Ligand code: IPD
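Below you'll find only one chain, the form predicted alone, shown as structure tokens.
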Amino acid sequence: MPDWNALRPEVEAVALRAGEETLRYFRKPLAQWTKAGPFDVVTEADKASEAVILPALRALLPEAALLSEESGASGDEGGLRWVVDPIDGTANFAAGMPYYSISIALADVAGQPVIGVVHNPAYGELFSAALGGGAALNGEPIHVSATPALAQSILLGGFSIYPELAKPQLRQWMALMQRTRGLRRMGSAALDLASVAAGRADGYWESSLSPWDVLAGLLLVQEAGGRISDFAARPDKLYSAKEMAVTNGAIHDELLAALAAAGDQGGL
């Protein structure tokens, strides 16, 4: 198996350079426009970050394909592939809120992430992981929380920008509000997953996600000792189901049961 841990610092360096680029635009007048709908925003900073990241990744592994939220797919998808979100949490960024991230993952032929880096430039936090090499925050090892029960947990989640998908998510929020210590909707899936990996939150769930939103963060959680599945407890169906539950492991079954119960309720 290749030594993914040896490549990890170079990917971290790319994320740090992209983070510096985004800070040039942060809380300043900003050109922005929409993509798939009125709430799906992209800014000139997304493009500037991507312009730093993609050439650097091509130089690191010329043979690897690329999938970036803003530029789409390029290269031969039959091998290694970089999966990039140049700014995850663009709406936060555009509003001047410091909860956004650069997310870079390298996936192998099977789609398994082997390197994952999530960087929050506003707070100077760099999360990274390599397959079999553990997860770290600014170079220090991190691990998921030891919270033993859903009733004691803090969970992170999100909502789709599409109303037909948001309705079942609202049912889930209503159900989990009654079963947890608290819910948070922060606005960056990559950072939410990093928070679970670091033990700051006990779990995360969401649906209607794209690989660039989560691939780096999923490796962080995996290497930090967490558990990942779709809502039916299948670890191998994450992208076909377009949904995921991510926890410290101890509360996973309880979370899945609560999500199933919310789905049975109907309404909204």
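These figures come from a predicted structure and were not determined experimentally. Numbering starts at 1 and runs along the sequence shown.
Unshown form predicted together with ligand IPD; subsequent notes refer to it.
Notebook entry, point to check: Does any heavy atom of residue 89 come within 4.5 Å of a heavy atom of ligand IPD in the predicted complex?
Noted result: Yes, residue 89 sits close enough to ligand IPD in the predicted complex that at least one of its heavy atoms falls within 4.5 Å.
Next item on the list: May I ask you to check whether residue 159 falls inside a 4.5 Å heavy atom distance of ligand IPD in the predicted complex?
Entry: Within the cut-off, so yes.
Check: With a 4.5 Å heavy atom cut-off, would you call residue 105 a contact of ligand IPD in the predicted complex?
Finding: Because no heavy atom of residue 105 falls inside 4.5 Å of ligand IPD in the predicted complex, the answer is no.
Notebook entry, point to check: With a 4.5 Å heavy atom cut-off, would you call residue 168 a contact of ligand IPD in the predicted complex?
Noted result: So residue 168 does not count as contacting ligand IPD.
Checklist line | Option touching ligand IPD, based on a heavy atom within 4.5 Å in the predicted complex, out of 223, 50, 213, 230 | finding: The option sitting close enough to the partner is 213.
Check: 155, 130, 189, 83: which sits within 4.5 Å of ligand IPD in the predicted complex by any heavy atom?
Finding: Checked against the cut-off, the match is 189.
Checklist line | Stretch from 108 to 116, 140 to 148, 121 to 129, 179 to 187 whose residues place a heavy atom within 4.5 Å of ligand IPD in the predicted complex | finding: That would be 179 to 187.
Check: Can you name the residues of 193 to 227 that have a heavy atom within 4.5 Å of ligand IPD in the predicted complex?
Finding: Read in sequence order, the residues that approach ligand IPD (within 4.5 Å, in the predicted complex) are 206, 209, 213.
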